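This document opens with one chain alone, in structure tokens, the form predicted alone.
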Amino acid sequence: MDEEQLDLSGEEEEITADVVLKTIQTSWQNERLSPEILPHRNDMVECMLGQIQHMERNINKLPKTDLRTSIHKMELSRIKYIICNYLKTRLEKIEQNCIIIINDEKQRIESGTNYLTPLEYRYAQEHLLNIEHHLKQTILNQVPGNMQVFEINKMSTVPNLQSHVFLKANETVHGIVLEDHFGDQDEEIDLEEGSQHILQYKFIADLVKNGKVQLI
């Protein structure tokens, strides 16, 4: 990846394409391994898509017999796969936990801390409407009127935040409290920079979101 300076819209800082790619790779890995949907990094995705177009134009200027052409095309394919799989993983989570994600997102939008892009939020709403329509057409309309009661929130599924994950500390973090649900033996631990651990996701969820740890 060329060390070109990229200007992120809405921000007054320039970062290199290599930093953008590493950020997307980390976001992709965290998204794949976390039980819940994470805050979107659409800014980085859009930035990298622009860089891909720039790289494709440069590749087209090279002779087809140039070895660099094949190398750059392989690198482009790898980057495109990461971006596509990142977006696909997010859509799969939206479909699996559509109701709880929409309910939580409504509150986040009010506070300006939304996790979804506008397009993802619209997709979630349309997906939920399609589910409701399908169930009404195939089930509710076939039963007596006094039984046509449909409470969509009762169908809600939630991600398992108690699942265990592998993680690596990007920096030293002190005072993580591991709650004991079967007694009062809470434990407090520190994560040293570079150390690796297996912990319940809910204890380190905020650390994943702020980049202090990453899932592996």
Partner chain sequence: MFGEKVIELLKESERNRETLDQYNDEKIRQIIEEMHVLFKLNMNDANATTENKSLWTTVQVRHSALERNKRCLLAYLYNRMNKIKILRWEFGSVLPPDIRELLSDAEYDWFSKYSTNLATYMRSLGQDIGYNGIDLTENLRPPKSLNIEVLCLVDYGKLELEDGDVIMLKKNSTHFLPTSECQTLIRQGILKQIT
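Model, not experiment: these values are computed from the prediction. Positions refer to the first chain, counted from 1.
From this point on, the text means the form predicted in complex with its partner chain, which you will not see here.
- Taking the partner from the other structure, its partner chain in the predicted bound form has a heavy atom within 4.5 Å of a heavy atom of G50.
- The closest heavy atom approach of N170 to its partner chain in the predicted bound form falls outside 4.5 Å.
- By the criterion of a heavy atom within 4.5 Å, K73 is counted among the residues contacting its partner chain in the predicted bound form.
- At least one heavy atom of K64 is located within 4.5 Å of its partner chain in the predicted bound form.
- Contacts to its partner chain in the predicted bound form (heavy atom within 4.5 Å) from stretch 104-143: L119, E120, Y123, E126, H127, N130, I131, H133, H134, L135, Q137, T138, I139, L140, Q142, V143.
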